[in-house]
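Presented as structure tokens, the chain that follows is alone, the form predicted on its own.
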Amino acid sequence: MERLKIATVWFGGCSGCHMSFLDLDEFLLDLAARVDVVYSPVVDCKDYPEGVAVCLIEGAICNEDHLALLHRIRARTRVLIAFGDCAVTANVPALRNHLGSGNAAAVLQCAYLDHAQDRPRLPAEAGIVPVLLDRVRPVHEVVYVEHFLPGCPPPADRIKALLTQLLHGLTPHLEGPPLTFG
């Protein structure tokens, strides 16, 4: 039986979704017996490979590097999953969108000049800070996404349910009680 190639990606977010993925505990051993993780923040791989079956994408699309990699991922992956609220809605990274059009310059001004404690200046050399997009975007605004796994972060049991269904060749169907507070 051919092993499924899976990937995880971390764009603009806090890595909480990846931490929740690690909370799969013993299921990670079952998963390791059936898949090859070919790209991830926890795998030393510099280029996104061809022929990936499933990719869990954490985080919002905040800069040109994210945008370029996301297009490469879409072209090389059969099933994309917006993994967590930042990928699904742009969530916290999108707070800078409220600064208005052209907000990338305002963000840099705030971070590197207004609140600098030592030698305020904008990074001038290419490659120091990726070029920011003027608007932070959720993944589905940039490329087609097959499945959405909301949550901040999504709980491990939801991640397990989604992956189990995909491993069995099923179209994921995630239902559950609404979130309640109190």
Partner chain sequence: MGGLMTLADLQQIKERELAAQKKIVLRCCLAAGCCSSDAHGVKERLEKAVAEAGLHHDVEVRGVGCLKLCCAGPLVQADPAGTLYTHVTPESAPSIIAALRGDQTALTQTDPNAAFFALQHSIVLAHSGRIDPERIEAYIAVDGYAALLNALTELDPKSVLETVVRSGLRGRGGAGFPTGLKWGTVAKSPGAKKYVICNADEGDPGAFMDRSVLESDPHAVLEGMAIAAYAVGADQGFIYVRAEYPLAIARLQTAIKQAKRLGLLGSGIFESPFHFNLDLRIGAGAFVCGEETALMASVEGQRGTPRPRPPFPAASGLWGCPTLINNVETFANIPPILRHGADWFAGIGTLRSKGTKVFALAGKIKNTGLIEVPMGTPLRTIVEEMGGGAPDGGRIKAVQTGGPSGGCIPAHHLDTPVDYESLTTLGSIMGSGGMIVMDDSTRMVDVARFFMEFCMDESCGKCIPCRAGTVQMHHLLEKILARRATARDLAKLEELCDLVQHTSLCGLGQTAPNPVVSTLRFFRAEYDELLQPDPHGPRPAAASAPGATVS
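Numbering follows the first chain given and starts at 1. Only a predicted model underlies this, so the values are computations on that prediction, with no experimental measurement involved.
Another form exists, predicted together with the partner chain; not displayed. Remarks below refer to it.
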- Message: Taking a heavy atom within 4.5 Å as contact, would all three of Val54, Val143 and His147 count as contacting the partner chain in the predicted bound form?
- Response: yes
- Message: At 4.5 Å between heavy atoms, is Leu166 in contact with the partner chain in the predicted bound form?
- Response: yes
- Message: So in the predicted bound form, is the partner chain close enough to Met19 to count as touching (4.5 Å, heavy atoms)?
- Response: no
- Item | Contact test in the predicted bound form: Cys110 vs the partner chain, heavy atoms, 4.5 Å | no
- Message: Taking the partner chain as it sits in the predicted bound form, is Val79 in contact with it (heavy atom to heavy atom, 4.5 Å or less)?
- Response: yes
